[in-house]
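Take a look at this single chain, the form predicted on its own, given in structure tokens.
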């Protein structure tokens, strides 16, 4: 069961949470807080009980016991777009509020979490298992109609389709991300088609513009600044790129991740 409540305004939120925990079994508690001071108070309590928890902004998500899913599906081994299609089909047969357990490989993790959120579902938890697979718990929801209003563009989705075959565009991809950061925009890079060649380990170090540092140095600098770099799963597979020879810091993703970014009203796509 997922239980949501607020502790805003309480001087010692841990006292209330301690009372709730005494009655919680196989639950996930989602706690809305006022911020850092309340979160520290709650964390001290959870560490005492050795409970797993996540902090997302001003929300603390507490895991109590083992959540029981209404249904389960295993998509390990399936490649894009197989996992999201299999999971979507399963969810279409479930009621809103029911919980689905998904077992998947690392290749499908980002696609499933991004794609399912984009469809209006709630990702309850993501857990890596001992065998290297992942367990996702998702609560079925539905996408709400967005109110028509002026939307501020605050993210840049940079899509590179040319890779090392066009050094100028390769440099532009990462330099544009750097400029976006300086303009207080959040950049995300997606490499697809020939753009996936940039994801091969060591490939960017082979590219050097006379007026700039090695492309590899520019890439590493961008990654250090927190910019996400995704690589199309099918494009990578077509070029023999996998987790073993993938450039450090890059992440393989597929159509759901790509389409989820394109569907965001606050995101401006840039094709290179």
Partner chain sequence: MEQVITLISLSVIFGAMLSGFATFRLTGMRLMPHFISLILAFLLTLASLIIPNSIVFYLAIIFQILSALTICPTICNILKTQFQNTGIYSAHLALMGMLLVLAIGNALGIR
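Residue numbers count along the first chain shown, from 1. Predicted model, so just to flag it, every value in this text is computed and none were measured.
Although it is not shown, the form predicted in complex with its partner chain is what the next lines describe.
J.: So, 14, 47 and 54: all three within 4.5 Å of its partner chain in the predicted bound form by heavy atoms, or not?
T.: No, because 14, 47 and 54 lack any heavy atom that approaches its partner chain to within 4.5 Å in the predicted bound form.
J.: For residue 162, is any heavy atom within 4.5 Å of its partner chain in the predicted bound form, or not?
T.: Yes, contact at 4.5 Å.
J.: So, in the predicted bound form, is residue 194 in contact with its partner chain at a 4.5 angstroms heavy atom limit?
T.: Yes, residue 194 lies within 4.5 Å of its partner chain in the predicted bound form.
J.: Answer for residue 203 alone: is it within 4.5 Å of its partner chain in the predicted bound form, judged on heavy atom distances?
T.: Yes.
J.: Would residue 39 count as touching its partner chain in the predicted bound form under a 4.5 Å heavy atom rule?
T.: Because no heavy atom of residue 39 falls inside 4.5 Å of its partner chain in the predicted bound form, the answer is no.
J.: Taking 4.5 Å between heavy atoms as the contact cutoff, choose which of 74, 79, 166, 125 touches its partner chain in the predicted bound form.
T.: That would be 166.
J.: Let me know the one among 60, 64, 207, 218 whose heavy atoms come within 4.5 Å of its partner chain in the predicted bound form, would you?
T.: Among 60, 64, 207, 218, a heavy atom within 4.5 Å of its partner chain in the predicted bound form occurs only for 207.
J.: Using a 4.5 Å heavy atom cut-off, which of 114-122, 92-100, 128-136, 195-203 contacts its partner chain in the predicted bound form?
T.: Of the stretches listed, the one contacting the partner is 195-203.
J.: May I ask you to list the residues of 219-257 that have any heavy atom within 4.5 angstroms of its partner chain in the predicted bound form, in sequence order?
T.: If the 4.5 Å heavy-atom criterion is applied to its partner chain in the predicted bound form, 219-257 yields 238, 239.
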